[in-house]
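A single chain, nothing else alongside it, follows as structure tokens in the form predicted on its own.
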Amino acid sequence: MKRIRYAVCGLSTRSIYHFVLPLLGKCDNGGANFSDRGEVVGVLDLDEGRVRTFCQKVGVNLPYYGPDDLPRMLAEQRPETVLVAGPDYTHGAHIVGGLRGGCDVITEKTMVVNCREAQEVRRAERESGRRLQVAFNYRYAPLHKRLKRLILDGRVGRITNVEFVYNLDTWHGSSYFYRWNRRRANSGGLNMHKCCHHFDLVNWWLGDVPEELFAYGALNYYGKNGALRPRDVQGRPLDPVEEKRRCPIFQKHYAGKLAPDDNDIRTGWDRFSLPYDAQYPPTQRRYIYDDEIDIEDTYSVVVRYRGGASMSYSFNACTPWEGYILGINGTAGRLQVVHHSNPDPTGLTAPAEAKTRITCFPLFGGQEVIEVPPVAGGHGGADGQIQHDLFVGPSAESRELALPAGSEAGALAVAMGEAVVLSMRNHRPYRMADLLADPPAAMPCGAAARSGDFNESGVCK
């Protein structure tokens, strides 16, 4: 069996656990290994020390390349596929460089941080003849696949509107305001980095193209004027150490675990405790109320779809519990979900429910409760199947449900993310066709997708 040569751009925590360890055959947490299918031939990253420490701890010797060394890595290592998993602002250059360098590319979501880059990516894909896959893993969660099947089976008829409320808890939500995401230049904002997850999910459920979007947004909890920021009796900011000591978020999740006088931002997800001093200098102040934070933590969005459906979407990055409330309404009934998750490694958030329930309400008649049991693995059991699709090829279920995503789906999600911030600033709706010079003519592999919608490689045509 031929093994694919993979080059990695960005040794993020997600990159390590989702791509690198499985390809090295070093996944020992119950996940699958794919070392019989591929090999890692080089790692490009801003921080050489982080890469060297990882190699030492894992017992491998991977060639290191600096952030501007993509052409040299491609020339020396001759990979067939480039894995892009660094900070979002690096994705565009690495995707385009990989495609034009003769490689296929797999990128973590968000594909890129703005529509200009999305257009450059799609142009490079067309002109190079290579293929881009976008790892929208949220499609693969068992709950979301079950909802897709119910829609395909006609349980709600023609979808008329979607109600989607998404909450991040105080641990997960605040973590974005420690990290590189806190600056729009790096992430495009949470409207791009986080909401694109959810926008793509609804686009896929509906099998439709979003046409127009209007949004409001604000920075309420974090940043220099954050509502939870401790102050002295005159209302002035405290010194950095005292601020952390009095901060309710620090007290809930980190007191007794992290020292308030340092800048440790460990998430609790990385068992290797790798340094990232190049990106997060230890001497640089970094907290959730810093002046440089320029993104929002709250959004309200309305979307109109080409087929006539609409969506109301709400996002809040500072709530008591994490998860979502979903309603999908149609001409034959309603699907309803209240889904709780618990990403908090401090263990101070209410535990996730053992199983999730989809309630199906026919328009005339009683209700049916459909239980979706939990599945082991990252992102609610999604990671194992998307890894199989990326490293081996789409399964029969993935083909049937149109789970694989390409640049068209990536570009639509990016256009929605950019429309959010533009609408907030200019107080008017935005059309996806106006933001993408070459918008997709239809949603590839949408609600009516079947095996004929895939090419010979198993990817959406």
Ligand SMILES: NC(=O)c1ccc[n+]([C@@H]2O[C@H](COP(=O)([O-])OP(=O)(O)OC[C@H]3O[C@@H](n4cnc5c(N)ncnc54)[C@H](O)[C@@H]3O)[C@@H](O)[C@H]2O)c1
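Keep in mind that this is a model prediction, so the values were computed, not measured. Numbers for residues come from their place in the sequence shown, where the first is 1.
Keep in mind that the form predicted together with the ligand is missing from the display, and what follows is about it.
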| Among H193, R139, R122, K244, which has any heavy atom within 4.5 Å of the ligand in the model of the complex? | H193
| remark: Students should find that, of L335, A215, L132, A85, the residue having a non-hydrogen atom no more than 4.5 angstroms from the ligand in the model of the complex is A85
| request: Sort through 424 to 432, 389 to 397, 38 to 46, 55 to 63 and report the only stretch with a non-hydrogen atom within 4.5 Å of the ligand in the model of the complex. | output: 38 to 46
| request: Would you check whether the ligand, in the model of the complex, lies within 4.5 angstroms of a non-hydrogen atom from each of N220, N316 and H340? | output: no
| Are any of the heavy atoms in H91 no more than 4.5 Å from a heavy atom of the ligand in the model of the complex? | yes
| Does at least one non-hydrogen atom of W180 fall within 4.5 angstroms of the ligand in the model of the complex? | yes
| the ligand contact in the model of the complex: P67, any heavy atom under 4.5 Å | yes
| field | L23 within 4.5 Å of the ligand in the model of the complex, heavy atoms | value | no
| What residues of 279 to 304, in sequence order, lie within 4.5 Å of the ligand in the model of the complex by heavy atom? | Q279, Y280
